[in-house]
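To begin, one chain is listed below as structure tokens, in the form predicted on its own.
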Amino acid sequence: MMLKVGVTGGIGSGKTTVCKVFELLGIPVFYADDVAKSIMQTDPVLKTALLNTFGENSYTKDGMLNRAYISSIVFNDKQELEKLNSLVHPAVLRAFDNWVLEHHESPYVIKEAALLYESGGFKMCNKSILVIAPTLIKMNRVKLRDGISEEDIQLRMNRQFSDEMKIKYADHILNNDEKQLLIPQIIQLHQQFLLIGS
């Protein structure tokens, strides 16, 4: 059976950086958030569900997802966000299952998802890795990367479980605090997963 490893972490924790290192080690990575954006555009069942739930303005006249419109509905309304997630997450899980079949030759695969624990997606993985970093470091990384205000970053952080809550679910923790070297921590996990996956 294919070993499936979930990778998550709060905004600015460095989970994408971690996944790029795993890719350099030859491990396929499924980026759930990128796939979600893509299938909202391409999955006909999901498109119909989004139109039925959020109305005809969900897509532009030329059939493109109207991100600004959807964001304006779900950004400050937890119930609307839950509705959106309840439509998108099952479609992402289907896409992940199909993707895993395509990578059956690999010793293991990784699923990167910002809301791995919040969505319950971790239950589909054999192991999960949580990438953590101090709040100040995360804030600075996101400000540099996205050029958004601390208030906006805080709003995004508030929509995710806290690190303390995520630690309860995590099988492994990678500390990306810019003091401990990250790559040796990743290589150590990689070697463990190769043994399990072989």
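All figures in this text were calculated on a predicted structure; none of them were measured in a lab. Quick note: we count residues from 1 along the sequence shown, nothing fancier.
Another form, the form predicted in complex with ligand ATP, is not on view; read the next lines as being about it.
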With a 4.5 Å heavy atom cut-off to ligand ATP in the predicted bound form, the contacting stretch among 41 to 49, 141 to 149, 161 to 169, 60 to 68 is 141 to 149
* **Exercise: Ile11 in contact with ligand ATP in the predicted bound form, heavy atom 4.5 Å** => yes
Close approach of Glu178 to ligand ATP in the predicted bound form, 4.5 Å, heavy atom:
yes
Applying a 4.5 angstroms cut-off on non-hydrogen atoms, the residues of 96 to 112 near ligand ATP in the predicted bound form are Glu112
